[in-house]
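First comes one chain, alone, set out as structure tokens in the form predicted alone.
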């Protein structure tokens, strides 16, 4: 009969000390942190807290009218939102010209109420640099696509389409002296349009 080694003694102690197997909970994840009827208002508040403009609209015509009043649409503008035809810029010819972009308008796929993060994916962007190189960025998000927290957002993201990013507010960076710089690494402004559901 082989003698018991220190190793065997340690492993036996570990086996005796293992906790009992517990059944998994029926639902894995975090409980919603707010009621669904608070999503839209909380989302709009968080957009403003992040340094952006938050506009509630009922149609793309309202988006068009707001952008016409707020921005000079004679400067290079690119809209990739279906039904919002304000583009006067074609980036395919020379990507170096992207740094001339004054305004880009994109569709946000999912908006998160707790932090105003908006998911923008590659099919929406067309060119990955668009939301980061433009001077001003506008995102249109349908109210039906607002969720409470990040845990609710991830199941809605289609990871099969390639690159994507959560965008929350204009570009901001700060150093140890707490000097905040807006627009250093991305757009200088962010305007978010929350588009009401057609049924509302």
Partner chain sequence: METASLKHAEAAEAFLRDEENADWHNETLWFVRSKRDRAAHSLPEWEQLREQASQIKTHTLSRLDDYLIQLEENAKKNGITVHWAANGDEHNRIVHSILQQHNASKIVKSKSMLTEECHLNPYLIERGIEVIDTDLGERIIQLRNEPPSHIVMPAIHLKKKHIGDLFHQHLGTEAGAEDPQYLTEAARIHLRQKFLMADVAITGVNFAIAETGGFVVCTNEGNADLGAHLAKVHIACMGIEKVIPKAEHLGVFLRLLTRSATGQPITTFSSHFRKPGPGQEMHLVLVDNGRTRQLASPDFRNSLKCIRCGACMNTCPVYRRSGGHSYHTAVAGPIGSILAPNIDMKEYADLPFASTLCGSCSNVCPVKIDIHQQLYKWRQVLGEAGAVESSKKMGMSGMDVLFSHPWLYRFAGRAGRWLMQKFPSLANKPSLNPWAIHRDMPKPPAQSFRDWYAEQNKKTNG
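From a predicted model like this one, the values you see are computed outputs, not experimental measurements. Positions refer to the first chain, counted from 1. We call the rigid core the largest set of C-alpha positions that still match within 1.5 Å between the two forms.
There is also a form predicted together with the partner chain; it is not shown, and the following applies to it.
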| property | result |
| --- | --- |
| Residue contact check: residue 107 to the partner chain in the model of the complex, 4.5 Å heavy atom | no |
| Touches the partner chain in the model of the complex: residue 150 (any heavy atom, 4.5 Å) | yes |
| Residue 37 within 4.5 Å of the partner chain in the model of the complex, heavy atoms | no |
| Residue contact check: residue 135 to the partner chain in the model of the complex, 4.5 Å heavy atom | yes |
| 50, 115 and 184 all contacting the partner chain in the model of the complex, non-hydrogen atom within 4.5 Å | yes |
| Contacts with the partner chain in the model of the complex, stretch 140 to 167 (heavy atom within 4.5 Å) | 149, 150, 151, 154, 159, 160, 161, 162, 163, 164, 165, 166, 167 |
| Exceeds or equals 2 Å, Cα of residue 68 between this form and the one not shown, core fit | no |
| Threshold 2 Å Cα movement between this form and the one not shown for residue 35, core superposed | no |
| Post core alignment: residue 178 C-alpha displaced by 2 Å or more between this form and the one not shown | no |
